[in-house]
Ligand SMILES: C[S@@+](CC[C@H](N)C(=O)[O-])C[C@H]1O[C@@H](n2cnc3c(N)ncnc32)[C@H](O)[C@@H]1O
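Encoded as structure tokens, the following chain is the form predicted alone, with no partner shown.
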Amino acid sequence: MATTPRTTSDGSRAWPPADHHYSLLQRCRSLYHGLWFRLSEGIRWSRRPCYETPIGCLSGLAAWQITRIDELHARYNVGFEDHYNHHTALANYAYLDLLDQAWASANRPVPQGTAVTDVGCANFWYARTLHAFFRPATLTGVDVEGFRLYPTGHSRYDAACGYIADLPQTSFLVADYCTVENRADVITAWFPFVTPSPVLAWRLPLTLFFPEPLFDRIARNLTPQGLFFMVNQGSEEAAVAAAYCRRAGLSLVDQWVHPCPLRARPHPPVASWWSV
């Protein structure tokens, strides 16, 4: 029997309760974040597409980072520094490096020319990376929060519009993915929320934390021959995420741990592939 969400006082979608127990401090922080979430999503502030000032040339990198970036530049014909500032450019190279090494290690053909959906894309700053790697027929980024206001006066929606402006067949959808019916051959999720702490760290209410229906929706939206590609923060988080995947009926195809990320992270990224 399918579960259905209800609308909470902060305007988000809440699913039937699971075994998540929160402290009083967590609940207070959640309430505070929920008020701001409801305000931003209610106003839906948007000015115009927001573009970064390109750095032009990355600097301050180690020799091995420069060598690796040169390899990615040649292999995928990308130059993120021509589009973004230093932080975003390096982050895109780091994501592309992970995709490149992970799929090569798994010795799997990269599905190209298909429908790709990215779950929890924030402002979709890495859309260009997904385009370079998957060369998709369509690319859709989905995030539940689309109108958080930045210090620049632009919203997350404005930033997303800027990041995807010149990418063909690419869209940014503001929605709770648990309610999205959009079949895809490849579904990706970068560091999805599988424990409560990161939700609060990203200034979101805990009423948005329902991983069970999220992974269930991923399984439903994945085509029969499709792949769900997920990246988690360290082995402990990956184990929690894997349990949710299995409960949703997904089967593990392969797993890979990045030995040396191009951009330092507190825990080694763990990539995994899943099928229905």
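Numbering starts at 1 and runs along the sequence shown. No experiment lies behind these values; they were computed from the predicted model shown.
Beyond the structure shown, there is the form predicted in complex with the named molecule, which is absent from this document and is the topic of what follows.
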query: Sole residue of 122, 90, 132, 102 within 4.5 Å of the named molecule in the predicted complex, by heavy atom; finding: 122
query: Partner-contacting position among 97, 185, 143, 81 - heavy atom within 4.5 Å of the named molecule in the predicted complex; finding: 143
query: The named molecule contact in the predicted complex: residue 128, any heavy atom under 4.5 Å; finding: no
query: Contact of residue 161 with the named molecule in the predicted complex (heavy atom, 4.5 Å); finding: no
query: Residue contact check: residue 175 to the named molecule in the predicted complex, 4.5 Å heavy atom; finding: yes
query: Partner proximity in the predicted complex: residue 150 to the named molecule, non-hydrogen atom cutoff 4.5 Å; finding: no
query: Region of this chain that lies against the named molecule in the predicted complex, out of 200-208, 108-116, 71-79, 161-169 [heavy atom, 4.5 Å]; finding: 200-208
query: Residues within 4.5 Å of the named molecule in the predicted complex, restricted to 149-164 and counted by heavy atom; finding: 156
